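Just one chain is shown here, as structure tokens, and it is the form predicted on its own.
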Amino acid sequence: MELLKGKENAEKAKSLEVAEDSREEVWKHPSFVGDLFQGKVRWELISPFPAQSAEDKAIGDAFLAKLGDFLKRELDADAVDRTGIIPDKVYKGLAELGCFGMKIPKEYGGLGLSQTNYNRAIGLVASHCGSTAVLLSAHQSIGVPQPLKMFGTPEQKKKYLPLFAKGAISAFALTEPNVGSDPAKMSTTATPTPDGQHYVINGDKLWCTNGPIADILIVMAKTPPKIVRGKEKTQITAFIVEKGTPGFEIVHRCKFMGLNGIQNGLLRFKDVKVPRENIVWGEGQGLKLALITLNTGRLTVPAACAAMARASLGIVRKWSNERVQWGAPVGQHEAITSKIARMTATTFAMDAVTWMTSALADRGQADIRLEAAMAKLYCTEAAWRIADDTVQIRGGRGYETSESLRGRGEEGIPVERMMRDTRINLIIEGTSEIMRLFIAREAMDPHLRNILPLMSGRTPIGEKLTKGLSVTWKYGLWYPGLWVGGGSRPELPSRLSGHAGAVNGSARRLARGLFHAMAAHQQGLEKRQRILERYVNIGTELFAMSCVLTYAASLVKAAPSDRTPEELADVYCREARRRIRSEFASQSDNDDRLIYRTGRSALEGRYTWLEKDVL
């Protein structure tokens, strides 16, 4: 048992080491959320709300008009869901519109859309057909074009980007049958040939979206380890692999609960030989490349979720006014009215978060690793709640397929399909659980950078003393400030000003709580995931509130006679503040240890008597 435990600890340490080595260590630009966890609300980073320029909006409007017409005319989303096939005419039409080159610079034949316009386009497609949205998003949010734009050599860009602009399809191969979020266990290898001019890739990749139809892929593989400071370091490297390369095989196309039209599968690489110049960024940089790429790549997920939420609002509003039960439209019954109110306010918040993070990505003057992760976490979980409420409000018609509805003479509203397609968003590109751990780690980074050198055996005594004095002085100034009220506030309608004050106060309380937790649990805090989860939930609510407040202010300023954005922001922030208070209270009033022990007991089989009389 001790030997097994020692092996598990060694594997865990290895996994953590690989993850740490792949992090972005330097914060080159400010982060609103990063400062939020430090108790400082830097309103100037997000206020006034970074609205899209009139010129860029006009470009997006024109493109969306063409794209929308094409989707309505040529794409039968129900047929895609039923058959599992996106027709060739749709691929061809999307390529002619430039949809496979939306983010590719114009110099390479692409459309060169801003992140905001790209997200608008993906949202439009997602509101009609989730499978087609995933085809486009997987291709250029995390597929080959994005890594090449960021890290490719001039030769790689010149060779491949024009192909994508014309309609070539890409995919990103990272996950393996036995490896999900723990890349240290990756088994796919890339072995250099004796002359060092090629690498030979062997291994399997699973759940590779677009993989079965991709013309070009990014494939992550382990290259030989390197010795750094006398210690062996795992090297994960990104390779460009072209379809048709000998040894590359499509083993299986996967089928899922939803998104029936996506091409996703198990890929096999058997002695696949690729030239050394197909390495992207450099040996050992693959995982870091993936994480950096995901910072902006994740932003299409909240955009798609927000679009689904907007579509759902229209569905429930119409239905709740038309459907009469117990002598009144169902929307007039308080239980339904309350659901619709929360759905509306939450959709407003999803839009605020989506367009805030999109604008920050376009500006390029902020580090958005935390903002992007929070946008993904927040919007996916909110979208699932909205999908569930939409089905509930529609009742049996929400559960019935759109084709069945049409078959008996009713309007074919695809609520059932929307729900199935939405569920995956809590899993892809980082599960909600992984997102919370990622956010917690990045939020604690300023503290860890101060404390870890003091705990390291490699730090010389003299340096520790100097660092210790510096840290003591720094925290001596920082910590008392967390108990002092005040703080700046953005320019807001008077009705919303108090909510900004609540954000300021809650941010200081959040920073205190996280600091206290680190002091109390020290290295054991990583195991107290429920504590970290609550603090991340609080931070996420505060970020959403901040986006909502500045978004509402910008809309009211643009159209002073329309106070509806102010109303929605007020409702949202009132509800969010209640959730925040509940999360703070739960940090001291909880049964975390008891619940954990119960869960372990279930794993050990102590409650198997509950599993009787089932097949």
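All residue numbers refer to positions in the sequence shown, first residue = 1. Predicted, not measured: the structure shown is a model, and the values here were computed from it.
Below, we refer to the form predicted in complex with a small molecule, which is not included among the displayed structures.
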Can you check whether E96 is within 4.5 Å of the small molecule in the model of the complex, heavy atom basis? no
Quick one: is E242 in contact with the small molecule in the model of the complex, heavy atoms, 4.5 Å cut-off? no
N264: heavy atom within 4.5 Å of the small molecule in the model of the complex? yes
- Decide whether T209 counts as a contact residue for the small molecule in the model of the complex under a heavy atom distance cut-off of 4.5 Å. yes
Of the candidate stretches 424-432, 341-349, 112-120, 186-194, the one with residues having heavy atoms within 4.5 Å of the small molecule in the model of the complex is 424-432
Quiz item: Is the small molecule in the model of the complex near all of F151, Q285 and M356, within 4.5 Å of a heavy atom of each?
Solution: no
From T459, N321, S181, N202: within 4.5 Å of the small molecule in the model of the complex by heavy atoms is S181
Only hit among T175, N260, Q235, Q156 for heavy atom within 4.5 Å of the small molecule in the model of the complex is T175
